[in-house]
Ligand SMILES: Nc1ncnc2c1ncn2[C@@H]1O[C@H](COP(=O)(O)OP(=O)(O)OP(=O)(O)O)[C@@H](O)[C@H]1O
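Consider the single chain below, provided in structure tokens and representing the form predicted alone.
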């Protein structure tokens, strides 16, 4: 990537107390029948509050593992994990973390509105201060008029919109997304990329987004975290010099093409 493009962008933020997510020397190991596998090795990074970080790398490089450590779904073997100024466990208990998986995982017997309302009905979610109105969230993701539709009546892209609205219903400060658009067709995926940026700007949440798409990573992220595999580790953190708001047409600009080419070259060495 040319020095000119990078000079227009401030460097990646250093570790600081204002970070939404901070990892220091985080290692994750699993014991399997074949022995001990290192999924992440000495990963250190800092994500500013309100930032949007995309994670890109080959299969098996630990992208999903990193999200699960941040969300307190699996423990780190060693190192420090800080989320929103506290532990990952405390942030999860406070419902400050929302998670969107590749599969929308909607309940077939509940309509769109009822699926969004689900987190408010379990574990005291309805008592959370600042919880957002489910109908407003469906409108935010472009599903006004579809509140009573059941999952089988919705397209794949629409189901993912419901899943995003559900993840936002407790007004989380941190949204983790694990390849949420990976199974969608290209046109729908592009449309949802633009919608997601609009949601991000509207909510002010910090987003960590896992993808295998170079173009998606470059278009969405304020920074792209490139990971190397075996074991999973940080290869490079690349700032994205694209203005906001962003539109898919930006992908045809020389600046975007140059950025995507740089990401591809780095990936080829991972």
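Numbering follows the first chain given and starts at 1. This is a predicted model, so every value here is computed, not measured.
Just so you know, the form predicted in complex with the named molecule exists too; it's not on screen, but the next bit is about it.
Undergrad: Looking in the predicted bound form, is the named molecule within 4.5 angstroms of a heavy atom from every one of 59, 65 and 212?
TA: Contact check passed for all of 59, 65 and 212.
Undergrad: Just one of 198 to 206, 34 to 42, 236 to 244, 218 to 226 has heavy atoms within 4.5 Å of the named molecule in the predicted bound form; which?
TA: Result of the contact check: 34 to 42.
Undergrad: Determine whether any heavy atom of residue 179 comes within 4.5 Å of a heavy atom of the named molecule in the predicted bound form, and answer yes or no.
TA: Yes, residue 179 lies within 4.5 Å of the named molecule in the predicted bound form.
Undergrad: Any residue of 69 to 98 with a heavy atom within 4.5 Å of the named molecule in the predicted bound form counts; write them all down in order.
TA: None of them.
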